[in-house]
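Listed next as structure tokens is one chain, alone, in the form predicted alone.
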Amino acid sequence: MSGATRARDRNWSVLELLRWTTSYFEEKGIDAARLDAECLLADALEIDRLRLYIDFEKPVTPEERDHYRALVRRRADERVPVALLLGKKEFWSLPLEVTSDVLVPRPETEILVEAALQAMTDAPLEILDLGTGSGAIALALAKERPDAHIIASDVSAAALEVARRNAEKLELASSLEWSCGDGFEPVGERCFDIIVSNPPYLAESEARELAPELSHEPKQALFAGPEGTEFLLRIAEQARERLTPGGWLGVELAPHQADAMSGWLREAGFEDVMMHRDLSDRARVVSGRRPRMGE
């Protein structure tokens, strides 16, 4: 009997599986190995992560192990992100469905949500989320400002379907309108009080340097072109005319692009141009305002 067969046939407790998988993921070079193991095992056992440690001595059935083993194999060998294996990701305390048609929401994108909320007035608002993907930003804003009307646009019809499902499950659909198309084209001449965007901002030349997990996410949501700044420049050049006087624009980007984006916004006539930084003091969002009438 081989070692692999003995491992499959033996009785495994919850804690033993967690320890083994954490070590295995670490050998494979996977970051957050313990967290990934916990999330996958909790899904296989259909419990929450806290329960893993309450029932840490509980034996795992062969059927549960088979399910778990399949998840572990795809995480380790194919480097599928945990969120895509589970089909869900939390953002702004909202449980969101995610698929390979959308980017997995990242914690740093919450910086954009925070900045947008701080920029808002108490009046009813017209908001555009440009490139909504899973709907993460739009839904976070809808949760915090139910009085706002939000247009969520994306070039991908498949991504908009995911965003729609998320809005319906979260009972936030009444605040949103959906628009499919490239850039500002689908909203025509409409103007907004707030425009937010997490656009593609990677250069095509960076593809080989990226974590293998990103190969499972949509390329059109990651790569902007040869320079990586193509979509950022389009926003800087076109957003001012889509904002009401005094309207606010916030854009997520890579830290090394913040200076260039700030300069483009100033050249386009924006004022109050700011960088918003993450906990590591890296610029993750650049914002600016269209001047008010008479300014």
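Here the structure is a predicted model, which means the values were calculated and not measured. All residue numbers are counted from 1 along the displayed sequence.
A second form of this protein, the form predicted together with a small molecule, is not displayed here; the remarks below concern that form.
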From Leu103, Ala115, Val72, Leu125: within 4.5 Å of the small molecule in the predicted complex by heavy atoms is Leu103
Exactly one residue in Ser174, Gln220, Ser205, Ser93 has a non-hydrogen atom within 4.5 Å of the small molecule in the predicted complex; which is it? Gln220
Using a 4.5 Å heavy atom cut-off, are Thr109, Ile137 and Asp182 all in contact with the small molecule in the predicted complex? yes
How about Ser156 - does it come within 4.5 Å of the small molecule in the predicted complex, if we only consider non-hydrogen atoms? yes
Is His67 close to the small molecule in the predicted complex, meaning a heavy atom pair under 4.5 Å apart or at it? no
Contact test in the predicted complex: Trp264 vs the small molecule, heavy atoms, 4.5 Å: no
Any chance Pro81 has a heavy atom within 4.5 Å of the small molecule in the predicted complex? no
Pick the stretch from 116-124, 164-172, 195-203, 141-149 whose residues have a heavy atom within 4.5 Å of the small molecule in the predicted complex. 195-203
